[in-house]
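Take a look at this one chain, the form predicted on its own, written out in structure tokens.
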Amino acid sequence: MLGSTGKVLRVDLTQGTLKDEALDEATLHKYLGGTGLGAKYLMEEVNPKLDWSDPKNILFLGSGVLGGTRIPGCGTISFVTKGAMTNGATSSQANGNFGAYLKWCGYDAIIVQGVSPTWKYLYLHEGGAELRDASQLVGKGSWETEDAIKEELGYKERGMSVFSIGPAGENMVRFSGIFGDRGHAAAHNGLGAVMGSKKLKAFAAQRAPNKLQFADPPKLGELAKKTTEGAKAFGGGGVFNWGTSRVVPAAEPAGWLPVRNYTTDVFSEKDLFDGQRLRSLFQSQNYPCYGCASHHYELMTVTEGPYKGFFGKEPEYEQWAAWGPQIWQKDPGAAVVLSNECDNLGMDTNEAGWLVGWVMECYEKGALKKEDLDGLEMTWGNVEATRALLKKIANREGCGDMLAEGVKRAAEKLGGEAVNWAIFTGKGNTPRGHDHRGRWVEMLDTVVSDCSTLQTQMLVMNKDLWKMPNPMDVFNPDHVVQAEANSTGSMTVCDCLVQCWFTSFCDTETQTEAINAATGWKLSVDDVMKVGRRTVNLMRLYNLKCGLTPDKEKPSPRYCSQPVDGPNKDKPIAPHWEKMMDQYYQLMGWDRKTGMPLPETLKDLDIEDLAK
């Protein structure tokens, strides 16, 4: 099959068996791979009434029809499972190399089920796959695990891709993730907890020879260059040249930088966190993903301050935000340390940032005292206390056990006014590291998302194609709802292919050309757009079967509170919320009372049989 291996590896950890299964072309044609394919398996195989930690839950990871091609960003991998934070559907993507190496090892996807009696890791290579003993890896962080597996198997740095869980995943911290290729993360909705519940420590894939066959390799080469040129031009090339490292100083004056747990929108030290400044101040080196020419991903050494000499991954914007302004911490070097500490322990930096910021506010206001926190003084910006707390959470030690449940459950357990200080959604999924009171589209998206994280991104290459308001008023409720509903599926297409959004910027037209060049199919742009929307609605169906109701699709009181200062203090979203939800459900073709996609919606997407 062109563009595909035609095989899925099924791993039964209970039985200790590995089996190849055929993947037919019709299924790939309908779902493209990645998140779409994973959502299909989740719907068909996992009883929605089961708990996320049940051995019968599956952990799916897959590439898509562009995986292993020359198209930039197609080393990305998508994970799908029933997640620990919402106990519903989740998908999360990690960039790096694994998606390409997986296909070169002969598989489009892996499905893991059951639970192993002892810790194992899965090793993929040119000759097949095998489960290996991982007892020596227990307790190690993601970087240590990657180093240890490569040393054991005799691979150099780029000769293997390793994704693993840290101590947090081993201890089933609800917001633990899966990390690899030096800090790339699939971190949302407790993927690491699911993997830990199965006693699977890591996935390791050899960089085997690329034997994939494509319909039109020269055309793929042309489209690879076109994609790179598009990324260079998008937004003036800011992301291509600097990744997300320059976002902090831009976000603060626009009012969407999270500062001190949403208690202010002013962070006068914002320019200290400018990536252009820090890449010249700290020792920085590019560490690109497979097939990518951008300077998005860097490794760096801190060169000044109390953490001088620390080496790790350059934080993404959300990590700068979490370990800088969100916890009122003003040393960029310390933010590098905390970011890498969180990754190495194996936790989602977004949830960890909301959690630590909430703890600090509780400590300041007396809802949590020193004795409640095992003697830690959780004052604003206390770096060493934060490091100690993160380790306690990852190991479920002392106060860390309650906090390991995430900010929503911890706040509800503590009770009182503390619940009103926590940032979360009614479903339990985690907002990204922004102050969404200044980004209404993203707040709406986070609350209604059926993948547990960012599901739609209004920054698409062709706004007319996705019927985006243009120009758009980001504080106009009608514009916000139209942008969210009309562009739904655009980012999901990337997650099905699987392609990094920062290389494609949802350029659906170029993606369609690339799909056809890889496979020999003759899909239209409308066909591809429908795959994205089909996947969104499929995950919606699964979540409804898990017990989702429309009343859970709401932000917490602090999350949708009115800013007290900054540029958006006179722009509250709460008065518009219910009307926005009414309009959104209507545009999506969903029943307002039940949340269920209407029969005509399901028929149009060819998934009406799965609604039964």
Partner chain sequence: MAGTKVKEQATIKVSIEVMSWLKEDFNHDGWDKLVFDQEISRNSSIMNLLQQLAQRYPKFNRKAFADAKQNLLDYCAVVFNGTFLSSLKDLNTKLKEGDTVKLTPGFYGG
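This structure is a prediction, so every number in the text was calculated from the model and none was measured. Residue numbers count along the first chain shown, from 1.
What follows is about the form predicted in complex with the partner chain, which we do not show.
Chemist: Look at the stretches 319-327, 466-474, 106-114, 199-207 and give the one with heavy atoms within 4.5 Å of the partner chain in the predicted complex.
Modeler: Looking at the other structure, the answer is 466-474.
Chemist: Honest question, do 140, 159 and 313 all end up within 4.5 Å of the partner chain in the predicted complex by heavy atom distance?
Modeler: Not a single residue of the candidate spot has a heavy atom within 4.5 Å of the partner chain in the predicted complex.
Chemist: Name the residue from 380, 119, 242, 307 that puts a heavy atom within 4.5 Å of the partner chain in the predicted complex.
Modeler: Of the listed residues, the single hit is 242.
Chemist: Only one of 229, 126, 271, 133 gets a heavy atom within 4.5 Å of the partner chain in the predicted complex. Which one?
Modeler: That would be 271.
Chemist: Residue-level contact is defined here as any heavy atom of the residue lying within 4.5 Å of the partner chain in the predicted complex; does residue 514 satisfy this criterion?
Modeler: No.
Chemist: Using a 4.5 Å heavy atom cut-off, state whether residue 217 contacts the partner chain in the predicted complex.
Modeler: Output for residue 217 is no: heavy atoms all beyond 4.5 Å of the partner chain.
Chemist: Check residue 434 for me: does it contact the partner chain in the predicted complex (non-hydrogen atoms, 4.5 angstroms)?
Modeler: Because a heavy atom of residue 434 falls inside 4.5 Å of the partner chain in the predicted complex, the answer is yes.
Chemist: According to a 4.5 angstroms non-hydrogen atom cut-off, is residue 146 in contact with the partner chain in the predicted complex?
Modeler: Residue-level check for residue 146: no, no contact with the partner chain.
Chemist: Given a 4.5 Å distance limit between heavy atoms, list every residue of 563-598 close to the partner chain in the predicted complex, or none if there are none.
Modeler: 566, 567, 568, 571 sit within 4.5 Å of the partner.
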